[in-house]
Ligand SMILES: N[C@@H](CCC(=O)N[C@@H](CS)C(=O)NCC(=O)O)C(=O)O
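One chain follows as structure tokens, the form predicted on its own.
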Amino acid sequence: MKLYYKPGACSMASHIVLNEIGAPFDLDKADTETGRTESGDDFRKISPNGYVPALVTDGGDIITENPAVLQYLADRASNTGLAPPNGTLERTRLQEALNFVSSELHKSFSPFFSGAELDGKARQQVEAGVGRRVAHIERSLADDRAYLLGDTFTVVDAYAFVVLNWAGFVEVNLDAWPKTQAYVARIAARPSAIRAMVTEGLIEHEQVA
């Protein structure tokens, strides 16, 4: 398999899950501005929308969109518990959570990466939007569960971690949501997350979480 990624972007969720699975895979860094990859591929031929992640399967098929890529990877390694079995209510809950992270939490951070300057009232409005979505995560963790679906780490936790971790880069304070802060720290300490962050250049040493 090959994962096309952009350092620190949402594609890091798939990178973390690939590390969790332990199957061999290749990485190719995509420059979404120029449309080229580190290996010289035309990224727009791989991902017509021009964004990451894009996963090339062992059979040569290309999968895009985080929820689809993450569930595909989890189903290839069903013994890992990274996704509940298809057809169960628990799997529907996973899809529910993935859709929330993708369409609500992820999108609420988008203005910070649009290239437009955010200051004053505009920044306050964006931060308020992020806060409403983070508050939902906080409520989901209110019963002291370790992860969004319970006590088992799943693919939605990899995705939620990556998005919530952006808060530090855009200087959004998460102090109002202590359970969410602890949740982010818990996932940041997983070896799979540490390896992905080191490889993508977000941290320097594997001992640093």
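Please read these numbers as outputs of a predicted model, since none were measured by experiment. Residue indices: 1-based, along the sequence shown.
Here the subject shifts to the form predicted together with the named molecule, a form of this protein not shown in this document.
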Problem - Proximity of Asn165 to the named molecule in the predicted bound form, heavy atoms at 4.5 Å - result: no
Handout entry: 4.5 Å heavy atom contact, Thr80 to the named molecule in the predicted bound form
Key = no
Handout entry: Partner proximity in the predicted bound form: Ser108 to the named molecule, non-hydrogen atom cutoff 4.5 Å
Key = no
Exercise for the section: Tell me, yes or no, whether Val52 is in contact with the named molecule in the predicted bound form, where a contact means a heavy atom of each within 4.5 Å. Expected result: yes
Handout entry: 4.5 Å heavy atom contact with the named molecule in the predicted bound form for all of Val17, Gln71 and Thr154
Key = no
Exercise for the section: Mind telling me which stretch in 6-14, 195-203, 19-27, 181-189 gets its heavy atoms within 4.5 Å of the named molecule in the predicted bound form? Expected result: 6-14
Fill in the blank from the handout: Taking the named molecule in the predicted bound form and a 4.5 Å non-hydrogen atom cutoff, the residues of 61-77 making contact are Glu65, Asn66, Pro67
